[in-house]
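Below sits a lone chain in structure tokens, taken as the form predicted on its own.
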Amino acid sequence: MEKSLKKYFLFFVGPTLIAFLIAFVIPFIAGIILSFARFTTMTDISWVGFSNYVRAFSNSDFVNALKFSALFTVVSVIIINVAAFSLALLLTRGIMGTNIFRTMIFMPNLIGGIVLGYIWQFIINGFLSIFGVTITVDAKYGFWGLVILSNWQFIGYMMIIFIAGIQNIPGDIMEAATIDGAGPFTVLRKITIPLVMPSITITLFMTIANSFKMFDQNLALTAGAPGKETAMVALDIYNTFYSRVGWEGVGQAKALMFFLVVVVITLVQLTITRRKEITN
């Protein structure tokens, strides 16, 4: 049986492996090579060494986008996870209308980022018109607009993951804690949070990655305005690559550095949170 499986291994795995090589590995390697080159098309590539990286860091728009994305990620990750966990706790207590509330909170996640961006631009500009301003007048309006948008989109999705984790906690453990006289806060701190750590690992990873990579919502809501003060890194890379002739290699260098930053941060997060996971 084992020999038969080995015999047909390439037959079953081969197509997926070839697709993975064509769709991911080869473009990724090409991207690394192009980050060290000057080009406009794939037929006029010239090697320039690290000058693209030097130009990327000397570009104030990129540095501003990194700072803006980092601040946005910290604020969004905290609010989304705290709100999603709180809602999950509330909606696992068997209150009336639980399924309706879960559905309503999850639904914004089904709407595309571009559509969400225009919807919230309309709502926020409608509110700000009371004060005679728009979302693009000041960067702080754009920042909090993006935070509101991302929270509205992602809280429901993370809530579902937390609900799955909470419902997976064995009932006999909660019953034993109640018999021993543990209060709600003690149960939350000593039982619920430790046993939900696998869910916390997943939600933190997803919110960090999604927040750093946010593009279409940023494009639709502010397009980086005013100036480029609310442009996040993904939008800055797009603008660099497609809006400035001769800067295609710099765009590639920015993209590679952005990839490494996100990989390092998420790996550190995964290492820290997985150490705190326990099996029930």
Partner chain sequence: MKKNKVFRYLLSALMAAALFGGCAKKNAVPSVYLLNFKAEIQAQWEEVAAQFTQETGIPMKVVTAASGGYEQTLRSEIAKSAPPTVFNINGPVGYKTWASYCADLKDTQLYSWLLDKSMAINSGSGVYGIPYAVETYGIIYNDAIMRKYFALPNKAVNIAGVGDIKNFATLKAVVEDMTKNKAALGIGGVFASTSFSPGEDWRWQTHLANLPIYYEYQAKNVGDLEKIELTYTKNYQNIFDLYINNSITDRKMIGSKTVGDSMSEFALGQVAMVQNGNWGWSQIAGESGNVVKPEDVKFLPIYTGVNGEETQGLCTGTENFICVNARAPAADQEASLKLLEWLFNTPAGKKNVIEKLGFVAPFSTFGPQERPEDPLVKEMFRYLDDSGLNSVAWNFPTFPSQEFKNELGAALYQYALGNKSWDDLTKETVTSWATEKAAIQ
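If you superpose the two forms and keep the largest set of C-alpha atoms that fall within 1.5 Å, you have the rigid core. Numbering follows the first chain given and starts at 1. Remember, predicted model here, so these are calculated numbers, not experimental data.
There is also a form predicted together with the partner chain; it is not shown, and the following applies to it.
Chemist: Pick the stretch from 174 to 182, 131 to 139, 71 to 79, 189 to 197 whose residues have a heavy atom within 4.5 Å of the partner chain in the predicted complex.
Modeler: It is the stretch 131 to 139.
Chemist: So, in the predicted complex, is Arg244 in contact with the partner chain at a 4.5 angstroms heavy atom limit?
Modeler: Within the cut-off, so yes.
Chemist: Quick one: is Gly227 in contact with the partner chain in the predicted complex, heavy atoms, 4.5 Å cut-off?
Modeler: Taking the distances in the predicted complex, the answer for Gly227 is yes, it comes within 4.5 Å of the partner chain.
Chemist: Answer for Tyr238 alone: is it within 4.5 Å of the partner chain in the predicted complex, judged on heavy atom distances?
Modeler: It does: once the partner chain is placed as it appears in the predicted complex, Tyr238 has a heavy atom within 4.5 Å of it.
Chemist: Using heavy atoms and a 4.5 Å limit, would one call Ser46 a contact residue for the partner chain in the predicted complex?
Modeler: Ser46: no, not in contact with the partner chain in the predicted complex.
Chemist: Which residues in 110 to 126 have a heavy atom within 4.5 Å of the partner chain in the predicted complex?
Modeler: Heavy-atom contacts within 4.5 Å come from Gln121, Asn125.
Chemist: Determine whether the C-alpha of Met42 shifts by 2 Å or more between this form and the one not shown once the rigid core is superposed.
Modeler: Yes: Met42 shifts by at least 2 Å between this form and the one not shown.
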